[in-house]
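In the structure tokens that follow, a single protein chain appears in two forms: structure 1, then structure 2.
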Structure 1
């Protein structure tokens, strides 16, 4: 058996090309995760110079603190709302812009532009739009002929809904393009055969297009759900968790903990969020993948 020296050299060159990516991923992703895991079990704080290992003390304190679970429930509501609104809106627009024309290309580009905007800039923009004397209230007052001052960002019941809308508007361009790509992969012959059999446009959408978008649904639902659970910039810039902490998602609660100097406890809460996302995402991927096969 002979060893091919040229293959060894090729593999060495591949390793050299991969080395920068490996270093960056290790430095900025793997190492922070390891450090986060370690500091979750310490008393790391701004009020003392040393860092001591305290075992499960942070976990016990976390389980007893009601605000953590309140923020977690808000995070679930936020993520589910974003996932539904974003994917539903993206699917409707994808079906409307499925055919590639000059107009549809222009509209696709325009609708994707919010994705490229800064999340903080988007939040501050809509904070101004939704303010009591902002453009939206002025427009409603002009339409109704009265003086409208609806507290879009001051309502305990409704503020989180408007924040969800802004998040969905900001990112729905990504699933829209994914659904358009999935629709374009459906064979034209299949749709033509359905038309010959007498299927109307609605039946073609519900019986052919949507079932065959299984892989696109899997990717878009998972990414939008995870992205919403990690959300931070838009709730921060729009309402900073208010009013009365009704929009304080878990990442914002972690942010406030870091600001108060409770770094070890904050890392334990972030670890909790990471584990919850994994516990939701992986089973959901399995279920959606199984659904793809069934369809």
Structure 2
């Protein structure tokens, strides 16, 4: 368990090459997390110059306020919804565009475009599309022959679903390409052999292609789940967490607390989000990795 200096010297790999990376990571990633742990239990605000230790008071007040639990549930709904819709959509498109032809390359290139857009910009775009007199309502009115004005962005039950859809729209290009790359790694002989044995296309997909996509699933499910737990630009730009705070995910709650100067509270919520992400990320990596080996 000690640094084997002779080994490193012999191979001439200088440890000081690591130093800039270690210093910057410690200073700007690890130190804030440690400080966050400390400030969670203080009354740090913009209104007061000193910072006092107040134990669990933040935690108690926050749980009494109730918004943190609501926000937590919204975050879970959001992350799970995004993870399912985005990966399912990406997988279906990847299966359709698996072969590299001129048309499929053109379609991949087109479908990837939302990834280039800023999340905030995609939120504003769909705020327009989903608005009461917007293109989508007009279209629905046109096909039904009536005058439709569905409150896509004003429904306490449904708005979160449309926000999830937009998040999935913005990011599905990356998992789509990852799945295509994964599908192209599957040996052609395997598919041919299955065909010769009389497997139908659906069986080839469920019995051969999907199981062999293991590593691609691991990577893309984890990154999309955690990405969705953390980002809040789309609910912010589409509906500002509304209506009635039904799309206010935890990180937007932190953003609002920060804006109102309640920094101690903000760090408490931040700690909660941190613990939840750790609790999800690490077991998930282990479970998904294990499945990969078994397959």
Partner chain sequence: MKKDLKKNVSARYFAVGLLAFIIILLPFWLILINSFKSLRESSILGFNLPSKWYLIENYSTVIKKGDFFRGFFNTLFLTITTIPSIVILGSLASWIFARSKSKIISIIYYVTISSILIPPAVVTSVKVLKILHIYGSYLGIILFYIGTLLSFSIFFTTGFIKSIPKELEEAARIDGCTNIQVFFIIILPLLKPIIVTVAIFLTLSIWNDFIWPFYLLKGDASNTLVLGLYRFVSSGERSINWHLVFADLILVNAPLFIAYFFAQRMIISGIMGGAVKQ
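Numbering follows the first chain given and starts at 1. What you are looking at is a predicted structure, and each value in this text was computed from that prediction instead of being measured. Here the rigid core means the biggest group of C-alpha atoms that line up within 1.5 Å when the two forms are laid on top of each other.
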Report summary line: Form predicted on its own: structure 1
Requested in this report: Would you point out which of 274, 31, 178, 232 is found at the hinge linking the two rigid parts that shift between structures 1 and 2?
Outcome: 274
Query raised in the report: In degrees, what is the turn of the smaller rigid part relative to the larger one between structures 1 and 2?
Result: 13
Requested in this report: For residue 41, tell me the Cα shift between structures 1 and 2 once the rigid core is superposed, in Å to one decimal.
Outcome: 4.0
